[in-house]
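Only one chain is given next, in structure tokens, and it is the form predicted on its own.
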Amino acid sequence: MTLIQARIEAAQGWIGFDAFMALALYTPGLGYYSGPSRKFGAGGDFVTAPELSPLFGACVAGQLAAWMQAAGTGHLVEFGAGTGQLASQVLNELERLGQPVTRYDIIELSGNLREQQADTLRALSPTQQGKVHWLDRLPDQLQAVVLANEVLDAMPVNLFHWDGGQLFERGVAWSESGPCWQDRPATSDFEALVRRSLTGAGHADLKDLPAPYVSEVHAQGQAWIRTLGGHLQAGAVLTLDYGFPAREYYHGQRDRGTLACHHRHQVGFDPFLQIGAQDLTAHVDFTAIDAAAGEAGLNLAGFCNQARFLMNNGLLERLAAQPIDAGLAYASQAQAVGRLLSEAEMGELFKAIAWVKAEDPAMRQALLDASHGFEPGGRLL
């Protein structure tokens, strides 16, 4: 808490919410993702798809394998690998498929999570762990297939508030009781960022929004995909996360935004409670992310909900191949598949979006043709 207070005071009494969110999540030794507490799974704060079933990673690996063949690469890069479950599932399935992996890079800022990932790979993928390397940053040039599962939602966001007559950036100040909300008139640059996001939603003017209206813009997420696109020379990018196209994201009825907190499988909406001990997250505006990807030369390969992506990659067939006589083990897998596909669980809210890049037109078309996890012509609405 003292660190946040000091940062606010050093910034003349106010910081943007993105700065607060970065401190709360990523401060070394103090932030949520850098601390030792368990975050994933039944004993943590939330469950991710790889924690539910290895069939999830097997489906993802099937799509990655097709792109690896089209790009002629054995190099995979994963951002924010969580406990390492997805990396293990992908490596094991690619080995089963006979798809060679020459290198698996994990870009992970948390030292604690790096240790968990290494432990998972030693336990579940002992023959593959020698291919795994941890990096602090992307190589300058990259021919690879890139994977990011539930990464964009954890990137700091900026908040805006429209009161019907004026646009504000919502940030954080310090009061006697600790951090508190404080709005400041939007700068011209911040207003331009908001207007671009709203244009993607079909709002030609701020006055199209009801008032009051609070929501997020994803400047850091957009910067991330631009940077990634700039480094990627040839290959593909697959991102799975929860969110909406802009028309749904900035719907008039979603007037309080999507910012939420997670602690012990409970959802809250006060980011100033349990700072460093609870997750802070916002849904993804996929329209804005795709626009930024296009600026970096990435070509949209497909967009669909997670249920469709997993079924296109054979999830139901993989479940059917599980031994029914395994009893409780089969029942557990069937239940997990239900959660992955259900509209009321992860099937609809979670989306899959992919881009490809290659200077050679033939390779670019081959990568697009290899995007079998997506419906032909699957595009953002």
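Fair warning: this is a prediction, and the values are worked out from it, not measured in the lab. Numbers follow the displayed sequence, beginning with 1.
From this point on, the text means the form predicted in complex with a small molecule, which you will not see here.
Engineer: Heavy atoms, 4.5 Å, the small molecule in the predicted bound form: which of 120-128, 302-310, 208-216, 78-86 makes the cut? Say which one.
Structural biologist: Selected range: 78-86.
Engineer: Please pick, from Gln116, Ser110, Thr258, Thr73, the one residue with any non-hydrogen atom lying within 4.5 angstroms of the small molecule in the predicted bound form.
Structural biologist: Looking at the other structure, the residue within range turns out to be Ser110.
Engineer: So which of Glu93, Asp105, Asp290, Glu150 gets a non-hydrogen atom within 4.5 Å of the small molecule in the predicted bound form?
Structural biologist: Checked against the cut-off, the match is Glu150.
Engineer: Would Ala186 show up as a contact with the small molecule in the predicted bound form if we use heavy atoms at 4.5 Å?
Structural biologist: No, Ala186 stays farther than 4.5 Å from the small molecule in the predicted bound form.
Engineer: Please run the contact check for Pro50 against the small molecule in the predicted bound form: heavy atoms, 4.5 angstroms, yes or no?
Structural biologist: Taking the distances in the predicted bound form, the answer for Pro50 is yes, it comes within 4.5 Å of the small molecule.
Engineer: Any chance Val101 has a heavy atom within 4.5 Å of the small molecule in the predicted bound form?
Structural biologist: Heavy-atom contact with the small molecule at 4.5 Å: absent for Val101.
Engineer: In the predicted bound form, is there a heavy atom of the small molecule that lies within 4.5 Å of any heavy atom of Ala234, even though the partner is absent here?
Structural biologist: Result no; Ala234 lies far from the small molecule in the predicted bound form.
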